[in-house]
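Below you'll find only one chain, the form predicted on its own, shown as structure tokens.
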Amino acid sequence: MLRTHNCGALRLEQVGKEVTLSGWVQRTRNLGGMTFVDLRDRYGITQLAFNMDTNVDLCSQARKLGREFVIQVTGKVIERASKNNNIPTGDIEIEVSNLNILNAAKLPPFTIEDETDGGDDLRMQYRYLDIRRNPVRENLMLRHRMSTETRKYLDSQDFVEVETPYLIKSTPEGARDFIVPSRMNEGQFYALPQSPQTFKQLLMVGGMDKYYQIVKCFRDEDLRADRQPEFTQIDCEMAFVEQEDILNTFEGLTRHLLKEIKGLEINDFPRMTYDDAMRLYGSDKPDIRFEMTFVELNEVTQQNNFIIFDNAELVVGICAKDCADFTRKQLDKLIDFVKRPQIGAKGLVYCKYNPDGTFKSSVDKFFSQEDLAQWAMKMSAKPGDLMLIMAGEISKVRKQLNELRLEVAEQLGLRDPKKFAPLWVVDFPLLEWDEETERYHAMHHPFTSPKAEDLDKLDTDPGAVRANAYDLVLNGSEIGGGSIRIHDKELQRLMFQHLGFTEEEAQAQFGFLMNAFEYGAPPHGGIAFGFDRLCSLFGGQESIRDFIAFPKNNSGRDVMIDAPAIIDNAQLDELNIRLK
């Protein structure tokens, strides 16, 4: 070994001991008779001391060290005269007797510090340097702990980790597949899996009973800060279970992770139907760390000759507690916010409930004090509160008000990343109508079981059929989703029929699964957690990128290795691919 200790290990108890350390030079300080070097590795920083009076050559050598040089030193642990309380090793330093430069280094393109001067693009180009920084390294260590604790919990619940194939068959449902040409099967292609869905169902048919996998998945879709073309799931499936069994099991996993990683005891996992989530929050992944639930106001706002309200399908509002002191400038910013193209609202009506009991609104011309008092009563507003109201089509205005609710909460500091509020959203619609294709699509996937009591609606009112589907939401982000699966071949055939598959198409795409159902498929269901998103939430950050060792940018490119890249013509010829 090139070291006896790491750079975060030494304390006063080791004073007088001869040690060898290796690592990277963080910085050097030349103080005339003394030169100090901060030596860094994954575990911490230790100060090295070089004394001009005792070894001139060694001190001169130390002064030539540059940032990020890789060095090995041997010396004696001594107590520091000027202690540093900001680091665990701040009581000691190494009186160096031998210095060995293992590798010189170019000056890095950005500073390897917690607060760096490198922009996102530059840091992604030199990601191996970025990983040396504490924030990124700590994020990756958090990810490691999350995966370790996940395996511990699932192992304790008798789950078995099984690997499933990466080279599979492309299916038309869901997002676009990444396609892999087969050299040995001319003109044919594999697809990279968007999830191991059918394989984990086949494992249940195979009697594995409880399966899990921390697995890479792939989707060729447009990217955002919280999406990557390759991502990781905690993928799970259980046999001989009902919905409640799965919810209880994975509440247990979430509690375990919160306790072991964050030191938090969370007992409350409320349940909310999809319909209630949309009605009260305008979102199927509501953030319940704070209030501001929606209140429908049609009956107290319409028929007052205010056309915007009178012509609206829905008038709906939120009450921001203790915000009646918002200035006109703050309110104008909120109006501008909802008018952004990403939100698409035409405007926003506000009403201040003044501390003296009077009201001041942006529509005083149309509504009397008595009218505004009715708004306040409907919204349970109190003096000092601010009412914010939007109007429009039901399908749009709730989503717009949800964005406003989150923005107001952000301004008020109500979205505390250190607070965790989980929520199960259940009873999702089984199907959703797609205007472009003019047919129903599965809201989750074609293997989701409809609720038994809604089966008779499949032919008469398919949009009203509820699914045995559930999402686990944490702080306004969906961290996991799953369902009870169809395990009966005839019901699966009926489902494919309602999704517009011909019998031939269903057999061609999913015949292997339907055939397996003929050999005794148990009732089964499962869930998949977005592992990257879960890590970012536990790390208190919005973006998942810094919790992935080598992420892609918003264009799906790896700017460090410059991928994707052009393939050599000889390789294309082997694959029988001709470019236009």
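Residue numbers run from 1 along the displayed sequence. What you are looking at is a predicted structure, and each value in this text was computed from that prediction instead of being measured.
Here the subject shifts to the form predicted in complex with a further copy of the same chain, a form of this protein not shown in this document.
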Considering only heavy atoms, tell me if Ser60 and a further copy of the same chain come within 4.5 Å of each other in the predicted complex.
-> no
With the partner left out of view, is Ser543 within 4.5 angstroms of a further copy of the same chain in the predicted complex by any non-hydrogen atom?
-> no
Answer with yes or no whether Gly539 is in contact with a further copy of the same chain in the predicted complex, where contact means some heavy atom within 4.5 Å.
-> no
Non-hydrogen atom contact Ile394 with a further copy of the same chain in the predicted complex at 4.5 angstroms | no
In the predicted complex, which of the listed residues (Phe428, Tyr353, Phe159, Tyr281) lies with a heavy atom within 4.5 Å of a further copy of the same chain?
-> Phe159
a further copy of the same chain: the contacting residue among Ala105, Ala464, Leu491, Leu264 in the predicted complex [heavy atom, 4.5 Å] = Ala105
Where does a further copy of the same chain sit in the predicted complex: which of 253-261, 128-136, 306-314, 368-376, heavy atoms within 4.5 Å?
-> 128-136
Residues Gly207, Thr232 and Phe550 all lining a further copy of the same chain in the predicted complex, heavy atom within 4.5 Å = yes
Stretch 497-524 - residues with a heavy atom within 4.5 Å of a further copy of the same chain in the predicted complex | Phe512, Asn515, Ala516, Phe517, Glu518, Tyr519, Gly520, Ala521, Pro522, Pro523
